[in-house]
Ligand SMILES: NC(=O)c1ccc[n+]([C@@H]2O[C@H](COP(=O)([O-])OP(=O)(O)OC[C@H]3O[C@@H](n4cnc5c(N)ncnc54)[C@H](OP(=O)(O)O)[C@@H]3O)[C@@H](O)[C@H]2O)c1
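Given as structure tokens, the chain that follows is alone and in the form predicted alone.
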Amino acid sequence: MSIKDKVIAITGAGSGIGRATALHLASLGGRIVLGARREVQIASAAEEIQTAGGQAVYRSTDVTRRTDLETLVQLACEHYGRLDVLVNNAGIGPISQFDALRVDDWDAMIDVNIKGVLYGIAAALPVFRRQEAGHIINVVSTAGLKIVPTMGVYAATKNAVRTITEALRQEAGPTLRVTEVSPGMIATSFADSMTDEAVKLAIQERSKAIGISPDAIARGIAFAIEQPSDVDVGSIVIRPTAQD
């Protein structure tokens, strides 16, 4: 029941939930492999981990490119000799009402939120099968549990991943663990990806009012990882107590 020396790859690790998770797991002795599009951010996170005495490597990773996920997993295996956990965290949420017809935003959410997770699974699964051990953690959202206006496509992508996660869990067998983590309103820069200014402002105000620290999600992810190998935490929902 320990995270120490586990090799953990995290997508979207440059900011928000991904960065908080990387820092927290590193503080518990995890060996972290950071992936995100903005190399400056993951380099900064890796430096912070190393300065604190932890272990971290990084590589620029765009989850819409399958080869980038393969390269990230390869980095873990080459540098640390194995991969124990993949946290599929990268996600975007340029939400809007359907009548706004922001079809490019719909496409982007499908590419990042669904295909990015599938590419991560495709990259990690062969490694986990060879090792006869591994853990896939998919970050979804409470947006898929309570459907509200403007979040139709975003919630659909997250519920698609929820379905993927459950099917993978059933197929996984006795040596592979699969977990979904559903964050509620978290105080991050998540709204930055939103292109509808009115919706963006509303989400930013809501986040300021009730959003909780991404550290809460990091602790939830750590809880799932640190369980004994025969214990599979299937689903965790973490939201502010003030959230409807």
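What you see is a predicted model, and the numbers here were worked out from it, not measured in a lab. One rule holds for the numbers: they count along the sequence shown, beginning at 1.
Unshown form predicted in complex with the ligand; subsequent notes refer to it.
Note on the interface: of 75-83, 127-135, 152-160, 97-105, the segment with non-hydrogen atoms within 4.5 angstroms of the ligand in the model of the complex is 152-160.
Using a 4.5 angstroms limit between non-hydrogen atoms, residue 55 is distant from the ligand in the model of the complex. In the model of the complex, residue 51 stays away from the ligand, with no heavy atom inside 4.5 Å. Interface residue remark: residue 13 is counted as part of the site for the ligand in the model of the complex, having a heavy atom within 4.5 Å. Contact between residue 30 and the ligand in the model of the complex is not found at the 4.5 Å heavy atom cutoff.
Residues 139, 140, 141, 154 are the ones in 139-155 with at least one heavy atom within 4.5 Å of the ligand in the model of the complex, listed in sequence order.
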